[in-house]
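In the form predicted on its own, a lone chain appears below as structure tokens.
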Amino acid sequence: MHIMEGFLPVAHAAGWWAASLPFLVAGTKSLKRIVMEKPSARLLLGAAGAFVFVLSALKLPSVTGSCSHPTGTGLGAILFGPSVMSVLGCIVLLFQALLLAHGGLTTLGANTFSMAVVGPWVAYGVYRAMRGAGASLGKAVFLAAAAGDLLTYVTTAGQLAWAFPDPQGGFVGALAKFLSIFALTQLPLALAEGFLTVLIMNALKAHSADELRALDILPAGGIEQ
């Protein structure tokens, strides 16, 4: 998903920065509020950021000018909401660009929008919808993490197709080609990320139940299945 350094036209790179900026501003405010109101959540915030860094660093090369990998943003979106993950995801992408040559500074806005904006919002929306429909925590977490991963790559495919439309098929033709290439690796990766996120949530239930109750993930005084 990390679009490589210098791959996007300048206008596209700047445009995706502009699209990401409002989410980063809102996320910074949300992050400050959580740290002030729920100081016990700081360790979970760090863990959520580390989860994103580790998973998104496990890249598989692609011929699209990007790469495939898990994203890890679904867990943090479920715990803290999607706005916070805009900031944490951007920080992770910045460090990966500087330290791992994974992605780039010129494409940081585009990568932030796909992985740290779209992915978390989709994951959060799926999680809330599933929980509202009475789904178990495990099922909601699995579907949310997998959907956030997949929609991140749909967004990246759209970004690439917009920047490099197909000579015959235009945007739609290019989008179909990018999606078909990503699908080979990303569908199994999304399922794997869903399962892994459920395992992490189960570990948090066992060892950080009080923190999860403070974040309204677990019911107060009750046991979540």
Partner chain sequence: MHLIDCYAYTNRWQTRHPAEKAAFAGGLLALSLILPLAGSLVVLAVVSAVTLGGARVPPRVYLRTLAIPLVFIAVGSLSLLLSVSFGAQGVHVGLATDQMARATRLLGRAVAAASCLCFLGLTTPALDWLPLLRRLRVPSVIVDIMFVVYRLLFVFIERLAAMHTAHEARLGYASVRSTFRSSGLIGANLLVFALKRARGMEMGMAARGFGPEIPVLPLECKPSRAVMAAVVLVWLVVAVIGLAVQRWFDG
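Owing to the predicted nature of the structure, the values given are computational and were not obtained by experimental measurement. Take the two forms, find the largest set of C-alpha atoms that superpose within 1.5 Å, and that set is the rigid core. Positions refer to the first chain, counted from 1.
One more form of this protein, predicted in complex with the partner chain, exists but is not displayed; see below.
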Discussion item. I need to confirm a contact call. Of Val126, Val87, Val117, Ala146, which residue comes within 4.5 Å of the partner chain in the predicted complex, counting heavy atoms only?
Written reply: Val87
Practice prompt. Verify the contact flag for Gly109: yes if a non-hydrogen atom of it lies within 4.5 Å of a non-hydrogen atom of the partner chain in the predicted complex, no if not.
Written response: no
Discussion item. Please tell me whether any heavy atom belonging to Ala97 falls inside 4.5 Å of a heavy atom of the partner chain, as the geometry stands in the predicted complex.
Written reply: yes
Worksheet item: Are any of the heavy atoms in His102 no more than 4.5 Å from a heavy atom of the partner chain in the predicted complex?
Response: yes
Worksheet item: Does Gly158 make contact with the partner chain in the predicted complex, using a 4.5 Å heavy atom cut-off?
Response: no
Worksheet item: What residues of 2 to 20, in sequence order, lie within 4.5 Å of the partner chain in the predicted complex by heavy atom?
Response: His2, Ile3, Met4, Glu5, Gly6, Phe7, Leu8, Pro9, Val10
Worksheet entry | Core fit, then Arg213 C-alpha moves 2 Å or more between this form and the one not shown | yes
Practice prompt. Report the direction of the Cα distance change between Ala214 and Val92 in the predicted complex, compared with the displayed form, as closer or farther; the change is 3 Å or more.
Written response: closer
